[in-house]
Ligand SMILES: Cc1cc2nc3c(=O)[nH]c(=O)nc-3n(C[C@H](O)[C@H](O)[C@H](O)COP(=O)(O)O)c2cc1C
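A lone chain, given as structure tokens: the form predicted on its own.
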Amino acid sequence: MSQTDFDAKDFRRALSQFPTGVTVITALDAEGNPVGVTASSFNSVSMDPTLVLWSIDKGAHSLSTFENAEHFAVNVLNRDQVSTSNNFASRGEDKFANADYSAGLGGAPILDDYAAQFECKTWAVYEGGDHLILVGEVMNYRYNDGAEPLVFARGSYAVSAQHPEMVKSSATNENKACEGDFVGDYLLYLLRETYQRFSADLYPKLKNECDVTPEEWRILARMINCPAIKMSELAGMVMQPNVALRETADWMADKGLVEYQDTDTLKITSKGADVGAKMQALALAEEANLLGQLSGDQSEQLKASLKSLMEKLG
């Protein structure tokens, strides 16, 4: 297949299989006003000299600012900064009204909250098709070891975590050395391991029997009892930024699962409702099979306890 034959939406879907971090790139415009955009295209280039790069769409409102800026800052977001990512990904007039920041190198804003930050002097600007590639020399950096980075994969926000195989391997080795097993009895490990094992069975079945991806499953699951919903409300429910959510919704519309009632409202179709009902029945059967390994009282207590913990954790 030649490049000219690529379907743009399908190509972006393939690219979404590669997880990235989430950053907010900042600089000052010609009038000295702070400018910021959300970007996942950040990457390292060189250790000597210390170079990094990112790219910006040529259609971006802030293109001229970054193309001509002498300095810019890369703010790597942490897992608690989904709202920050959404804020700087929006087309709002004053994105900094809701952000705490100070002036960094060359006046480029640096956010008070971050997982890591890189203050850069613009090294070069290159043509990159419909984007510009901006390379910066890192002049200063800092990072927060206690922060868990925000991750973006398959159109949704996620968090980084140690792979279950690594945890199991660690627990096995510990068991050889001692009787007690801290990891194997730790709540966070138990919750994460249960989720990983359950979803590893569920998601392939949803794809094979209902032809829905995990992202489509999350949207349809929300729309089963709410057949028409604002995109702005749905974004928070399914942990997708508006741009990625609209892309997923477009894919679903192409499959006939949903349709746009208006520019900001998504409506489930009769086909989507049928797939949603089938999907729900499959998910409930998988849940019943899992909980069937416990007594009725244990199952009810498990859900009640988890709901109570969620409520207390906010």
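These numbers were taken from a predicted model, which means no experiment stands behind them. The numbering used is simple: start at 1 and walk along the sequence shown.
What follows is about the form predicted in complex with the ligand, which we do not show.
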Q: Answer yes if any heavy atom of Ala60 is within 4.5 Å of a heavy atom of the ligand in the predicted bound form; otherwise answer no.
A: yes
**Q.** the ligand contact in the predicted bound form: Phe72, any heavy atom under 4.5 Å
**A.** no
Q) Thr248: heavy atom within 4.5 Å of the ligand in the predicted bound form? A) no
Q.
Residue-level question: is Ser41 within 4.5 Å of the ligand in the predicted bound form, judged on heavy atoms?
A. yes
Q: Heavy atom within 4.5 Å of the ligand in the predicted bound form: which of Tyr189, Tyr114, Phe152, Trp217 fits that? Just give me the one.
A: Phe152
Q) Of these, Ser90, Thr122, Ser199, Asn144, which has a heavy atom no more than 4.5 Å from the ligand in the predicted bound form? A) Ser90
Q. Among 250-258, 285-293, 268-276, 32-40, which stretch has residues with heavy atoms no more than 4.5 Å from the ligand in the predicted bound form?
A. 32-40
